[in-house]
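Heads up, the chain below is alone and in the form predicted on its own; it's given as structure tokens.
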């Protein structure tokens, strides 16, 4: 008798799982259904490059159906609710789908309306995001003719997808305005609720030095309360104000509304799904698994995390189907390129228990990538990843990167050397 596996969300995580499980279950009596509201897939890491003219808008858009394997049913509809007690998915069209197993891969989205004044009269005039396709495209138009002033990059909260992207935006802004011959007309401020540029000590040490060398002012411990559109300033809960001429906002990130409507979210109201941090099983329903940005795991909300989770989840889904113990474990592994401007990037590699360390990646001695060091090779690796994403990652092919973090090539207890801006 055939059984039904439903995957909600055809973004990076959901598409990978559809491809991997279609391959693994091709000879078993399982029907796979993938659901999403539209047929547009975005290469979200590319949004960062659009404002600076490095990518064109069309470089980051493809139809979802280009990456969905034949044999997987794709339903283009909005999910209204998930009924975990009855194993039902209710769609906006009125259709009701039943499942034996469910994978939630609904991701996160920006929620600028959570901050008073943010999405008001200055939205897409002097306030922009680059975490959406529309925001990145509109910001590109703004930067082309902007004559300078105070550029403020602000994180509304710390739980955001691609946590290094705001840093990259700061570094690329420095390079962009330098190359335009107007860096002296732009004051860049990086305003964050963190106590430094990043969450991990060694990475923060290196990134703070880069900020200093590039004359980017870091304003730490700033918890955004509201935007004063009359004064053109962001305001913290303790009354501090940071004025801006151009505000680049990373708004509150929230899980999809279906999580809240279905009562599956966590207690903080951000609609992240309580998930076992090791086996990726829902903490509420045994036949529901969660992957990617929509989890509440203490891991980065990044594409690399979804990739490593997909390897683990594939094993555990197969174990669950065959009545075996869920032995595959996710260790919080993440690795992220960080563009530092002027044709260079650095790389960080870490997990739940180990912070980013200097060294070589993925192979000791030869690398070819350097950890916590800006290099041309890292920058080329970042640009090359777009091809890897479209042709290998989404389609579920094996990538030559270990699922679990390796200490090979990493150097512990080494002081981070100063970085020369153009070196």
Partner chain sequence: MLNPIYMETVVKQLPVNAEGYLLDATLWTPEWANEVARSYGITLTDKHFDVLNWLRKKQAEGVALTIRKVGASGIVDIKQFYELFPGGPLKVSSKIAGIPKPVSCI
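Fair warning: this is a prediction, and the values are worked out from it, not measured in the lab. Residue numbers count along the first chain shown, from 1.
Quick note: we don't show the form predicted together with its partner chain, though the next part is all about it.
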State the residue from 264, 127, 310, 338 whose non-hydrogen atoms include one within 4.5 Å of its partner chain in the predicted complex. 338
Its partner chain: the contacting residue among 114, 260, 213, 109 in the predicted complex [heavy atom, 4.5 Å]: 114
When its partner chain is placed as it is in the predicted complex, which of 77-85, 264-272, 323-331, 287-295 ends up with heavy atoms within 4.5 Å of it? 264-272
Can all three of 158, 221 and 300 be found with a heavy atom no more than 4.5 Å from its partner chain in the predicted complex? yes
Is residue 198 part of the interface with its partner chain in the predicted complex - any heavy atom within 4.5 Å? yes
4.5 angstroms heavy atom contact with its partner chain in the predicted complex for residue 348: yes
Would you classify residue 241 as touching its partner chain in the predicted complex, given a 4.5 Å non-hydrogen atom cut-off? no
Residue 170 near its partner chain in the predicted complex, any heavy atom under 4.5 Å? no
